[in-house]
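One chain follows as structure tokens, the form predicted alone.
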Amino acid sequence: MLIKKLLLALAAVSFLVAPASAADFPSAPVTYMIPFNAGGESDIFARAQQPLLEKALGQSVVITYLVGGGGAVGWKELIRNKPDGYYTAGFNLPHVILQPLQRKKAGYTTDQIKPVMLFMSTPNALVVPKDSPYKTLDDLLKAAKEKPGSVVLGGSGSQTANHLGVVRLNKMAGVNISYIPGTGTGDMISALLGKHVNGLMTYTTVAKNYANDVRTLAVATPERLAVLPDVPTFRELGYDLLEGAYRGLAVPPGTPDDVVQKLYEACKQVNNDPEFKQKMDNMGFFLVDMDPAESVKFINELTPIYKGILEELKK
């Protein structure tokens, strides 16, 4: 009798701690944490997604911020949260690959970031103020060679697409341009317009949306972009620099796959909304659709590539 009661008690406990399933998910508001400051790509995109996600999920989506470490502070918090689908976070590539590779204590490992979906990308773009003496990429690089230390570029975070873009350009061009990391794109735009930096290694969204304030010297894409047709690629100018960020939504490790799938379907529904798509296209975002499995595969494919880039930069 005692054993029977014990087994029943254990069964009850198991039932109480059983993982959430998609059957009743979501039955409460969902948190969407942004690991960068307001005004950057992650925030702008999430704010545009929010009403459509709420419609798709039938629940409120609460956007919060946890800034620091080029996103690492937020991702460290993500993996510590309950794996039930109610705490989600934006995540970026190559950031979640580079940071664990380059920091002894990033606070998380790449495989702990469980993707829901990779839903958009923004290639790197090198911009300077409209009144900058640097009219071309060649002007900027000549100044960096002639007066070492005279050119300072800002960007979003450390061990990020922007940071790596500057490091790789330095290597390719044989210069030593300094890089100042900000807590996101938003604060670095203020730094640029306030003349605290000479330029930004930023994203196509900034080049497009601040066209009246900045001059874009080059974009890190294979070919010229329809949204920036007059801007040359780095490759055109003799530097084989292809770099940028992919962004998506992630959940804590251990989140049930059926819950992840429901979140994915909601995000996919948002991306398929014609008005949303047109708005994002106009702003310089490039929509993609990678489901959870495709996102993991993509991360696994990129990891050895970035390991190779980091090794090459050491030479």
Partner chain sequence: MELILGSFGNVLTFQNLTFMFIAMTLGMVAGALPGFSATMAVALLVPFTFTMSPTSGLVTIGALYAAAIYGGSFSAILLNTPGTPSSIGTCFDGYPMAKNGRGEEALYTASFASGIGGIIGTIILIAFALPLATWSLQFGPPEFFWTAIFGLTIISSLSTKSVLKGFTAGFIGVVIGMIGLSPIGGDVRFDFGISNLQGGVEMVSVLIGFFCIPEMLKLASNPRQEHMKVGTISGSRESIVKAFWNVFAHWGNIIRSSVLGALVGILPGAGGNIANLVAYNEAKRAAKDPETFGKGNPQGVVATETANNAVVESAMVPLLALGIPGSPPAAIIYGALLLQGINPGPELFTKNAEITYAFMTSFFVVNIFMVIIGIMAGKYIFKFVTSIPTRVLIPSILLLTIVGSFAIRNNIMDTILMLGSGLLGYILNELDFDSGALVLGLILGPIAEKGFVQGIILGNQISTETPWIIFFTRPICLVLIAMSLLSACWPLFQAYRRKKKAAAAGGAA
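Between two forms, the rigid core is the largest collection of C-alphas that superpose within 1.5 Å. Numbering follows the first chain given and starts at 1. Values in this document were obtained by computation on a predicted structure and should not be read as measured data.
Heads up, the form predicted together with its partner chain isn't pictured, but that's what we're talking about next.
Figure note: of the listed segments 96-104, 217-225, 230-238, 115-123, the one touching its partner chain in the model of the complex, with heavy atoms no more than 4.5 Å away, is 96-104.
With the partner omitted here, the residue from 189, 141, 128, 166 that has a non-hydrogen atom within 4.5 angstroms of its partner chain in the model of the complex is 189. Though the partner is left out of this view, residue 88 does not reach within 4.5 Å of its partner chain in the model of the complex, counting heavy atoms only. For the chain shown alone, residue 277 is not a contact residue for its partner chain in the model of the complex, no non-hydrogen atom being within 4.5 angstroms. The closest non-hydrogen atom of residue 39 lies within 4.5 Å of its partner chain in the model of the complex. Within 4.5 Å of some heavy atom of its partner chain in the model of the complex lies at least one heavy atom of residue 65. Heavy atoms closer than or equal to 4.5 Å to its partner chain in the model of the complex belong, across 131-156, to the residues 147, 148, 149, 150, 152, ordered by sequence position. Once you line up the core between the shown form and the other one, the Cα of residue 195 ends up 2 Å or more from where it was. The two forms, fitted on the rigid core, differ between the shown form and the other one by less than 2 Å at the CA of residue 111. The pair residue 308 and residue 148 is tighter in the model of the complex: their Cα-Cα distance falls by no less than 3 Å compared with this form.
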